[in-house]
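First comes one chain, alone, set out as structure tokens in the form predicted on its own.
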């Protein structure tokens, strides 16, 4: 372990702890379906796009998914699979957009793309694992909630990055 790697691991752990705190807050909010969430725990992931290497970013996402599953007791359920699939789809599209088109796409657009990728992955799983053809009935409200919350999270992340002294200090 190099002297530089230890603080980076601690930084990833700090961001993961923030994601888990937000996830815990989110679990207090009632959901119409077990996998329909607001995505508050994704805020540290959006903010971390400009701070972490892709390996550190993947570690952060993995810690978020595993931590959420442990906190909620869903690690051996289909909910864990939904979370893993949604987070994987989301981080891949967000990393791609941020690294390839960051000058053309704002964090709001990246947040929306990440949420839609997550929602589509989860809808596909729900189609084949839970609801069958009836998944199309769940899709509109699921996608609308994802769109609205991703816009709000993107605006918050963009404002946080623009105004935060902490962010400027760790950049």
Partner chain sequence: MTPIRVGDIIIFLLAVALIIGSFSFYSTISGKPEVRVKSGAGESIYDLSVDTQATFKGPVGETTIEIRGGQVHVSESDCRNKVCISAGWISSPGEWIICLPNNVFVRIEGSLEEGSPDDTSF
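Residue numbers count along the first chain shown, from 1. All figures in this text were calculated on a predicted structure; none of them were measured in a lab.
Omitted from view is the form predicted in complex with the partner chain, to which the following refers.
Remark: residue 89 does not count among the residues lining the partner chain in the predicted bound form, judged by a heavy atom distance of 4.5 Å or less.
Although the partner is absent here, residue 149 sits far enough away that none of its heavy atoms falls within 4.5 Å of the partner chain in the predicted bound form. Mapping the unseen interface onto this chain, residue 140 counts among the residues with a heavy atom inside 4.5 Å of the partner chain in the predicted bound form.
Although the partner is absent here, residue 112 sits close enough that one of its heavy atoms falls within 4.5 Å of the partner chain in the predicted bound form. Of the listed positions (49, 38, 108, 121), a single one reaches within 4.5 angstroms of the partner chain by any non-hydrogen atom in the predicted bound form, namely 108.
Contacts between stretch 83 to 105 and the partner chain, counted in the predicted bound form as any heavy atom lying within 4.5 Å, involve 97, 102, 103, 104, 105, listed in sequence order.
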